[in-house]
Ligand SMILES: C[S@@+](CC[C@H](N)C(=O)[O-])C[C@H]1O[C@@H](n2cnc3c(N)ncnc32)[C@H](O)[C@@H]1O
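In the block that follows, a single chain appears as structure tokens, in the form predicted alone.
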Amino acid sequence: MSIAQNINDWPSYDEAKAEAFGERFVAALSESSLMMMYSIGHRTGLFDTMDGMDWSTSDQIADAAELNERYVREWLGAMVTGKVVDYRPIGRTYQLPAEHARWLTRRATPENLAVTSQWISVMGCVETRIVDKFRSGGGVSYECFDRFHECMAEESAQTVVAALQDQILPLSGGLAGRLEKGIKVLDVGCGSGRAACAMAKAFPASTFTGYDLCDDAIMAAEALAQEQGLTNVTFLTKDVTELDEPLAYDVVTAFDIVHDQKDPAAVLDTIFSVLKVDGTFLMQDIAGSSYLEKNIDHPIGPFGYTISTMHCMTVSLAQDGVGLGTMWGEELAEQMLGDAGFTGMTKHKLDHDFINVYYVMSKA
């Protein structure tokens, strides 16, 4: 029996609505496929190679990028049909428009959207594991994710590192001056250490410590500090819910890490305990609401709930944690920060980072 014959089985069936959804699905299939091709274009350096090149053949592009021509040609097929790269049939030449290169190349940092496209592949690598967890419960642990810390480091370089001195640190008045004189700073969930190293390099009179749960992230952070010749930053593998360093730090930072912790409330309590009286806590986390109905028109709502399902929620559940999730929301964040004892909270949204919100608060 055909779908047409079964239409009456659905009450209040709207053919126009059904056709519109079908068209939307087909469009989404192509657009989501492009995300993987964007990621490949970024990782192989193809976007950077084509940036500024005149009309060129696939051979010329492959030679310039030092890549295999057959793969480059097929990738270009996706880029042309996806309206990302322009194509001239006569001569079979390609060109990346400057208007697109402005969003897809490394010189576009901190607005290189191709960096973010990598998350689709990172999440896809654990799909079967996640499907299993839908049935059995529990979570998928950090070590199951291929390239997670590498991608997170690139994301951090754009949202945090590039804006630290000019936009983020000034959110707390006088903080730059204190850093110049010399204070103690802790970066919880430091990942590959790019933010901590950037601050250590900019403020040599201050000392910086970075803690992260993952050994591979700490190894990358230590390598970065050594490469940059930094002696005022230390990285250690630690569970940030179990720190015993009362009143040890003048400033604590947490960049996009609280929501995926095993016990976010305990993390905030710990941060409060290690912070000196009159110290500053600077937290970056996802912008959005704790209420689903308020996120219906969120510009990246589907992505937020997807990356929560595929990473942020599940890595917490893998530790028998609460599984707060990416879209925990500003309302709950403010409540939990207040419950931990923080006062004088201000919230900021920055032009370069529409995904996150920045919280600045003190310990009275």
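These figures come from a predicted structure and were not determined experimentally. All residue numbers are counted from 1 along the displayed sequence.
Absent from the display: the form predicted in complex with the ligand. The rest refers to it.
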- Query: Is residue 213 close to the ligand in the model of the complex, meaning a heavy atom pair under 4.5 Å apart or at it?
  - Reply: yes
- Query: Can you check whether residue 239 is within 4.5 Å of the ligand in the model of the complex, heavy atom basis?
  - Reply: yes
- Task: Evaluate residue 156 for contact with the ligand in the model of the complex, applying a 4.5 angstroms cut-off between non-hydrogen atoms, and reply yes or no.
- Result: yes
- With heavy atoms only and a cut-off of 4.5 Å, decide whether residue 149 touches the ligand in the model of the complex. yes
- Just one of 121-129, 92-100, 254-262, 105-113 has residues with a heavy atom within 4.5 Å of the ligand in the model of the complex, so point it out. 254-262
- Go through 249, 75, 142, 203 and name the one with a heavy atom inside 4.5 Å of the ligand in the model of the complex. 142
- Query: What are the residues of 185-201, in order along the chain, with a heavy atom within 4.5 Å of the ligand in the model of the complex?
  - Reply: 189, 190, 191
